[in-house]
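A lone chain, given as structure tokens: the form predicted on its own.
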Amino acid sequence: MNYLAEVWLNGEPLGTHEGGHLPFEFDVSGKLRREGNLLVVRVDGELAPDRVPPGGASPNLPEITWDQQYPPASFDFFPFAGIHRPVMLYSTPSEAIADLTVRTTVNGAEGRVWVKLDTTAGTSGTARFLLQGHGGDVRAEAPVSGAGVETELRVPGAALWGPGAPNLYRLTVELVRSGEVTDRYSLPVGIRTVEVRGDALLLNGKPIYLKGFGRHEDFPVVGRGLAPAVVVKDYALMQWVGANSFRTTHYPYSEQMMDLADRLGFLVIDETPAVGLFFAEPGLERRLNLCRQYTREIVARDKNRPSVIMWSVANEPRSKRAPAKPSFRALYDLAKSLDQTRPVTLVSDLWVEEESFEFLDVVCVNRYMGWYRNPGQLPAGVATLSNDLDQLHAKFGKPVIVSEFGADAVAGHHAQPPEMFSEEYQAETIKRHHDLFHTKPYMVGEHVWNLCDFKTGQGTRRVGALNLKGVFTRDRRPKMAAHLLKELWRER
């Protein structure tokens, strides 16, 4: 639901949930009728300064308006409201599996899968663990008392997970009492490690370079509603181009999208909905509490996915006010307390002024040289970018990902020499940025903005209320830049 959901069953309120894109649930035990049940969900999508992401025009809060667009959001995509993902009713036994946490390590040729099982209160009996796949089964069992149990499964000659080799095992956990299985749950497991070491991002101990996109869950007619065929199509396009990664800009994507990332071997920077965050009163503490909630919810949902290699706690925050740095320190510490196995970042357009890069694990920055800066002057813009990147690395000494760059292109509009809004100019912008990045040894990734054109609010910079920076059109037709990226990314 996006944004604020209120839920009733047969006229009785079940509860509320604030924030879009992440799952929530209510217990309906004892509330269901034998027949004739009515579930009602009211979704409030109003933009307001004390919500995350914030919005709502205010002359006293210029930080939350973007180019005077309508609707008045603090972000450059359309604020679709409503029920975007499936609503389900499911049952569990009284003694049940409440949660599973899986972490993997590699020791030589041996993979190690650590599993923490949480159960509902009062559960007793035995927990059975079975890991299947790639030539053998690994089993373990342990008694369950109260809070649950932990175990480690050792896999000799493990088939590691990664791009090009998305090897998945099947982990099945059973609760058994008096010889009867009382609950069972299965999930895919990819054995892999992620680490930042010096200027490198390592996957399974080897340097990895991210090639990919920002993307939006956006398509004609359905807006941000789940469209499985579009999910499949977008993966096919990314594979065709040669991408190996994407960032969930600027909110968690559907579970169906994430499932395919695991299966197809895509690397994902998983981002909370904290886009356009600002640090002025009123509502500062409320917004921070929502960001804490989102961080807990995204880690709880995606912690077991091999595709997720990094958490992003925000995109392009207005970080110049004093409360920004301690706020992001609190979110960083929270993410690390929930999951110590992945790097944590935020994506900024402030560059060296983003003080939070002092403690974040990876530096992710957005820069539109030759477009918003040095418009029409690509050589000058890229020269400035080169100097800016060196300054950024000199100050923070960490691996750098340029997480957004690109230019708008009207499909079918051409110019020679290349001019802004032509397909040639977009392609030339991407080519010059790509070539620069590969001269910088501290660069570990490039994400083009955007995979596809997408819907925005109305504004003077958005012809047809569209952001046209996609290398594919909104209905998934390639522009010149898509063909160029296919050449560039398949070379490396």
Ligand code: GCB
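Every value quoted in this text rests on a predicted model; they were computed, and no experiment measured them. Start at 1 and count along the sequence shown; that's the residue number.
There is another form of this protein, the form predicted together with the ligand, and it is not shown here; the text below is about that form.
- Exactly one listed residue, out of Ser327, Ser245, Thr248, Asn315, brings a non-hydrogen atom to within 4.5 Å of the ligand in the predicted bound form: Asn315.
- Arg462 is the sole member of Arg462, His434, Arg51, Lys455 with a non-hydrogen atom within 4.5 Å of the ligand in the predicted bound form.
- Of the candidate stretches 368 to 376, 394 to 402, 128 to 136, 202 to 210, only 368 to 376 contains residues with a heavy atom within 4.5 Å of the ligand in the predicted bound form.
- In the predicted bound form, at least one heavy atom of Trp449 sits within 4.5 Å of the ligand.
- Put simply, Asn467 is close to the ligand in the predicted bound form: some heavy atom of it is within 4.5 Å.
- Contact annotation for Asp76: at least one heavy atom lies within 4.5 Å of the ligand in the predicted bound form.
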